[in-house]
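First, one chain by itself: the form predicted on its own, in structure tokens.
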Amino acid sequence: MPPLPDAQTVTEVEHYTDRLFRFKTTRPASLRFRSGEFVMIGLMGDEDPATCKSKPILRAYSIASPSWDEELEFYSIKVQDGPLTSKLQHIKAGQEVILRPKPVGTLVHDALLPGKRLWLFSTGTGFAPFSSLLRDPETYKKFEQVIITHTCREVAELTYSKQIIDAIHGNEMLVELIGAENLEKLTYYPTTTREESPKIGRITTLLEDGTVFGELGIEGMNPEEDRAMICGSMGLNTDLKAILEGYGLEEGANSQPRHFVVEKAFVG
């Protein structure tokens, strides 16, 4: 079988639930990206009987590994009848995926004005770009406090984010790279919406009723100190945007840095 166009080799795969898995691939030597950006990845589709040719099936995936990593990591959902993930979920180490090395995205430091506190709001696989940013030393140089929230339906769906947080605190290389003193800036705030856990509720509800602020000892949000990034379902993105705007925060972009940004390319 001939190699795939723009192919990268899968080096590692880990499954968490019947809906979630992660995988790592080799990294093109020419690929340069900012932590938080995404690329198009995928597989070749089935052969068209009429033309005897197949077309690539590509989707936008946030790069979950930081910009300094020699490999690329991705965190994915499994959609049983999905054009791509129905096949991608069966990928194994040694096989190949297609990668178009043109990184883009709004969840980057350049899209935010300087601030004191950085909020990273995620649901499901929306944690992926923050997995990259949380392992980037620049995140801790720019902010005095970094709060990552991850909301999922069930406890098992929080496994990936917990792994990343544990690695940040327990991996000697990461601790040295980020700086032990900087790790004190990081707060992990996981919640579930369906299964019993230490913290139950949608992050939007917990923000609106003040629970988050009370537990973290923070007096709400304001545009002078707070910056935020949002990556989740369309409903969450819309709801959180309204909440942040209610605090006076304005949405920004690469071309016009402001108080918060939303990953519009994220689906699922």
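Numbers for residues come from their place in the sequence shown, where the first is 1. Worth saying up front: this structure is predicted, and the values here are computed from it rather than measured.
One more form of this protein exists, namely the form predicted together with adenosine-2'-5'-diphosphate (A2P); it is left out here, but the text below deals with it.
*Asks:* Given that adenosine-2'-5'-diphosphate (A2P) is left out here, which of 123, 106, 161, 139 has a heavy atom within 4.5 Å of it in the model of the complex?
*Replies:* Answer to the contact question: 123.
*Asks:* Please tell me which of 67, 204, 26, 211 lies within 4.5 Å of adenosine-2'-5'-diphosphate (A2P) in the model of the complex, judged by heavy atoms.
*Replies:* Residue within 4.5 Å of the partner: 204.
*Asks:* Work out which of the listed stretches, 167-175, 106-114, 150-158, 90-98, brings a heavy atom within 4.5 angstroms of adenosine-2'-5'-diphosphate (A2P) in the model of the complex.
*Replies:* Residues of 150-158 come within 4.5 Å of the partner.
*Asks:* State yes or no: in the model of the complex, is some non-hydrogen atom of residue 235 no more than 4.5 angstroms from a non-hydrogen atom of adenosine-2'-5'-diphosphate (A2P)?
*Replies:* So residue 235 counts as contacting adenosine-2'-5'-diphosphate (A2P).
*Asks:* Would residue 22 count as touching adenosine-2'-5'-diphosphate (A2P) in the model of the complex under a 4.5 Å heavy atom rule?
*Replies:* Judged by the heavy-atom cut-off of 4.5 Å, residue 22 is well away from adenosine-2'-5'-diphosphate (A2P) in the model of the complex.
*Asks:* Whether residue 102 contacts adenosine-2'-5'-diphosphate (A2P) in the model of the complex should be assessed with a 4.5 Å heavy atom distance threshold; does it?
*Replies:* No - in the model of the complex, heavy atoms of residue 102 and adenosine-2'-5'-diphosphate (A2P) never come within 4.5 Å of each other.
*Asks:* If you check in the model of the complex, is residue 239 within 4.5 Å of adenosine-2'-5'-diphosphate (A2P), heavy atoms only?
*Replies:* Because a heavy atom of residue 239 falls inside 4.5 Å of adenosine-2'-5'-diphosphate (A2P) in the model of the complex, the answer is yes.
*Asks:* For the heavy atom contacts within 4.5 Å of adenosine-2'-5'-diphosphate (A2P) in the model of the complex, list the residues of 182-200 involved, in sequence order.
*Replies:* Contacting residues: 193, 194.
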